[in-house]
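This document starts with two versions of one protein chain, written out as structure tokens and named structure 1 and structure 2.
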Structure 1
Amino acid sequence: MTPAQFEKNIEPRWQKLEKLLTEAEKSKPAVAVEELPATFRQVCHDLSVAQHRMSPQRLTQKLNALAIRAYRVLERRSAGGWEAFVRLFLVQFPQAVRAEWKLFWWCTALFYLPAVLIAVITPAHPEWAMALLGPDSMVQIESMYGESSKPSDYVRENFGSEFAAFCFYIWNNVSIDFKTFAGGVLGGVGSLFVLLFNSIYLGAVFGYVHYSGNPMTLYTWVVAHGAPELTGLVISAMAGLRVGLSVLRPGRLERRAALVLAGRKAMPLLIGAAVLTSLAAVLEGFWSPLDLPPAMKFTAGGVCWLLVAVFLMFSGRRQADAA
């Protein structure tokens, strides 16, 4: 291939990169620039080939200037701050969940199956749930989900306001996520223990309410915030197990290097799980206490579960295709 033919072949790529850079450098790009990273890599490859073939200096200088310009734009766009955090949650987090889909479904089964089993058998054998919950928890459950109880009254009496309840829930939810993740360092055993304990405890609560309380009150309370909260718990267990598996099965890497690599992969999962459970705290603090018709509560809950599922399945797919 002659230098002229080579330049003619690569010309559409650098022209495309110039257009994408012009848009990306605007404060509000008029068109999408998701193809910028992939085009940048193609032009860098063209630059390398041009230098190897001793192409005219005019061509290599032009490609080099374009590559430097694109690098600065990408570095600016990938800098820290809120933009990076939003991208991590909206793009990297769902991509990481999909990349670990087998682990996701294993953790989902490990969480929901024991919970359903305990909830089903507790009305016939309530002594199991009573032994697990303890007297204080049973009193709390009856005060929230008893025949004549209202969870909203419990929140006002124990927290004073919805905002105080929100602060407690966000601390409680996120701390459970981090405990679940931290347990992964022990070969994943700690993550499995926290996941199974919360599963059995949740099943005991549901079973005990069916035995002595008002199940409708419980379901209308948890149906909305349960979607991000329980999904976040499952994903934090995924993050912990990813770290734990790297300790047990480092492959060809040294155990320390495998642990560091697994920690990097798990970080988007952990942060995304913490954001989900924080959103759950908002719903639990401000939406769940509202005295609304059950149909409205179940409709909102269905929407929440659907949004979480759609978000994890589809968010970030365009960026993955462009890369």
Structure 2
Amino acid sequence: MTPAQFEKNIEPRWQKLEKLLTEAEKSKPAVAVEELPATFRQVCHDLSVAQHRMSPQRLTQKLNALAIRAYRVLERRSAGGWEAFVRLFLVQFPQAVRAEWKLFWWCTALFYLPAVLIAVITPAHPEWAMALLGPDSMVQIESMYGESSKPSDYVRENFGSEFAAFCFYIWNNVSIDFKTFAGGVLGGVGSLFVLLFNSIYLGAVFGYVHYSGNPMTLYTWVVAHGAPELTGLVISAMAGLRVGLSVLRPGRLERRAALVLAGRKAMPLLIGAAVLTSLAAVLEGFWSPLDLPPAMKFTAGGVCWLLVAVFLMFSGRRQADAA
């Protein structure tokens, strides 16, 4: 068979595929396209033959482009919508945290231990916290949680300011989660840095308020939203470290493959962390500024911590058994 004959032979097939594809690429195909997969395979076969026989470039390029186009149509899938998203958060996310429980506890320890350490030594040696915070932050802390402050100082005047605060927390805190995760790809260094920096800073704030302010104001303010927010930060760092560790210790895989695999594993962690932080923004925007007695605030805060812990420990366990 000469190249010209070959070209003439296969032409009806790729023309048919082209027609089917134009139909299938519409959002609502009017004509039946069941023949698409079979035609696609035939054209794939033609492409292989054309490549092997060194057919003219215009032919192989045309078939190549058609094969890519058809493959995109055949491999097209919808993201699954809200149902998939809810499932990702309620089932896959806690499962992913439990699957990496060692990493989770490492991150938790790395976050809370330095914070507690700084907070505990500050009343005796305030110069550490003062050096960390700097004069501007100290003035700000004095004005927010100073000795004369009361928990009710945080009551905002109207709904608009609460909504604005909520939006700010989403923008700022969820962005920090995403950046913490992204930094992890540098061998985990970025995530570790953000984690430790936030830990030490948080410890310094708490220590400094104990030293020179009214701790009650601070605690009633943060106790509820702290649960999802800090957990979200820890888990986003954990997602980053998951990716970073795959570069450092790829195990039996090739580094590139390990990186891709770790990225897939980190995905539910990242999304879960973002959702937790968004929930924290809701609490911080609308619940925390309410003027309620401290006992009630602490009860609600305790419930929040408990809910987060129970959620991470138990959610999605039954689905794991079923799978």
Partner chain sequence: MAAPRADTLQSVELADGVEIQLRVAGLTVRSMAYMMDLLIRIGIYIVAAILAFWLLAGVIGPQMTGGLMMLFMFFMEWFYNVIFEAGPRGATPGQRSMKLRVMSLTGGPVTLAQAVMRNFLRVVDFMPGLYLTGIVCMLFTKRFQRVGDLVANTVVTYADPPPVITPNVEVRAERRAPSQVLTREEQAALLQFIERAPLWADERRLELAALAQPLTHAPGVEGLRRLCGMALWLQEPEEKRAAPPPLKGASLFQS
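Residue numbering: structure 1 sequence, from 1. In this text, rigid core is short for the largest set of C-alphas that superpose within 1.5 Å between two forms. Treat the numbers as computed from the prediction; the structure is a model and nothing was measured.
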Quiz item: Form predicted in complex with the partner chain, is that 1 or 2?
Solution: 2
Practice problem: Inspect the rigid-core superposition and answer whether the C-alpha of A295 shifts by 2 angstroms or more between structure 1 and structure 2. | Solution: no
Quiz item: Once the two forms are fit on the core, has W14 moved its CA by at least 2 Å between structure 1 and structure 2?
Solution: yes
Self-check item: Per-residue Cα shift, Q61, between structure 1 and structure 2 [Å; core superposed]
Solution: 40.6
